[in-house]
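Next up: a single chain in structure tokens, the form predicted on its own.
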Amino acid sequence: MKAARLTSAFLALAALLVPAATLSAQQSQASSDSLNQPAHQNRDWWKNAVIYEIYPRSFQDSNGDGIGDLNGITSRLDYLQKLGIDAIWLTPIYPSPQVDFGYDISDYDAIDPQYGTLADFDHLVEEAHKRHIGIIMDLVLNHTSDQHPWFKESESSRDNSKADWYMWHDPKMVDGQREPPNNWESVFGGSAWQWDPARQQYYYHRFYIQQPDLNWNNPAVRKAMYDVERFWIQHGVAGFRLDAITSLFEDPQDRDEDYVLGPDGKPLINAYGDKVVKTNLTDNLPEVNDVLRELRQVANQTEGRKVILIGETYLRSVDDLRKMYGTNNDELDLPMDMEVGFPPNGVDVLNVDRFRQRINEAETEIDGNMPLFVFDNHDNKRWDRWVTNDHKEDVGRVLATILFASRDTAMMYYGDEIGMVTTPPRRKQDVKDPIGIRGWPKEKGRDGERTPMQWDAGVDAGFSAAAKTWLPIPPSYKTVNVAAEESEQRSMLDWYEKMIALKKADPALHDGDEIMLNPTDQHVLSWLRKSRDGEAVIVACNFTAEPQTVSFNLTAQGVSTFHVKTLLKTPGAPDPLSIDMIQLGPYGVYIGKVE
């Protein structure tokens, strides 16, 4: 029988939210005063902001061991400030056996030595704040490492103080043979249940075997995690990205999931050889929203600054996305809107209708909340997965324009700004990511989107002085690097810098309303940004390899003028005189102020 789940957790909310250490001005003296200064004076700094994801292993190595580190990130802050970044999201830097490269955490209140020390982290926060850049920590709440002291104690017996901190279950006996309790599957292949000889029970792991799931029905688990949240707030973080946040709860009856069926009526088979199951019983259960409200209450105890909550939210609909903000904005500030940047079924095609529909949903169907758009990250192939022809950089500019010229908070991935592309390993023996080792060749893993940052054309692309870096430097580094593109006016880096500057400086592009235009156009995605004082900007993106001409009538949008002044455009077409005729080259972009 499964260890009892403490459903009284919901009745213990008040006790859970009592701070382990109140974040008052007096008690914050434990950290340096500078760490407790706000990264941004405006409490709404995160709205329409630009957030830059860094995979620390791959950004900058400061000590020559071939692995990026915190001091390396600190050394590149001036570059990020020039780019226009408002906040940096760091993937996990906690002590870890590194089975999942940091997402298997063995200590939540420290820094893994390969990345530096807690003092190095504090220095990074302090230097970032000087440049008005916030640091966002990755908070992994769903699971720990199996090397965490919590799990070691939990598996030692069925009656110790942490016996119910994880999801334990007795086996199902079939014809005298031991079997897992049900058909739930790990995201990384195989059963989600692992037999533990020490306890003579199975434990649940949604991800790797070495990542046992915590029991969030247990009030003690909640309190421990909220204390972790407080710890990093005291060290000056600007917010948290909540990893796998929709996975915290599972069906209390432990029922089998239904299988995903193919056209022939038989279950689909994944890259690992498993029958694919649905996740209706193990993902985005209503109890998740209770935890989000509690996390929000802890964050709101911070004095003098805004601590934001970002959710890793792969959801089924815009209705689910809307719920993640809470009924009174009391849950997530920024749930990731994966509907725009990550099409269903993994089919990444530049389809005008789909983009128009998804962006319009984000602008009109989430109660006016700020959407968070994202097109790639450390778990997914980079932006070049959208490219099916020779217009690679042109497509990259289209995607960047959607990201930065929309009414959204924009989340980008390191290297996007110079056009770094996915570079997967060519041989199984070169794979570092365990899912690539297990799923090869259908699943090559995530190494391809995690390669080192390309700073220059020198040794190790300026990333490291090591004889060998933890992942190889892509061959593209000779021409695709920061140093080469800083002096090139038509480079991808130049486009990113100009787009981000427009997002910050132009009133309409910064926080104006967004209205989709020409809704029947199958070739060009166009929209209007209109500020409160009536300033209007037109954005048009050609989704085809053929030149296109578009015209606009903005009377219905309350804009009676028709002259247009170019703010930014890709080469290949003349400056238009009016909104009656705007010419776009292949995958061309035009942004203009209507005057």
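The first residue of the sequence shown is number 1, and the count goes up from there. No experiment lies behind these values; they were computed from the predicted model shown.
Note that the form predicted in complex with a small molecule isn't included here; everything after this is about it.
> Quick one: from Asp379, Asp107, Asp258, Asp320, grab the residue that has a heavy atom within 4.5 Å of the small molecule in the model of the complex.
Contact with the small molecule in the model of the complex is made by Asp379 alone.
> Of the residues Phe188, Trp455, Trp440, Trp470, which one places a heavy atom within 4.5 Å of the small molecule in the model of the complex?
Residue within 4.5 Å of the partner: Phe188.
> Looking in the model of the complex, is the small molecule within 4.5 Å of a heavy atom from each of His143, Gln211 and Asp243?
Answer is yes for this spot.
> Could you tell me if Glu312 has a non-hydrogen atom within 4.5 Å of the small molecule in the model of the complex?
Taking the distances in the model of the complex, the answer for Glu312 is yes, it comes within 4.5 Å of the small molecule.
> Can Tyr115 be called a contact residue for the small molecule in the model of the complex at 4.5 Å between heavy atoms?
Answer no; every heavy atom of Tyr115 is more than 4.5 Å from the small molecule in the model of the complex.
> May I ask you to state whether Phe207 is within 4.5 Å of the small molecule in the model of the complex, using heavy atom distances?
Phe207 belongs to the contact set for the small molecule.
> State yes or no: in the model of the complex, is some non-hydrogen atom of Lys503 no more than 4.5 angstroms from a non-hydrogen atom of the small molecule?
No, Lys503 stays farther than 4.5 Å from the small molecule in the model of the complex.
> Residues in which of 362 to 370, 98 to 106, 383 to 391, 128 to 136 have heavy atoms within 4.5 Å of the small molecule in the model of the complex?
Partner-contacting stretch among the options: 98 to 106.
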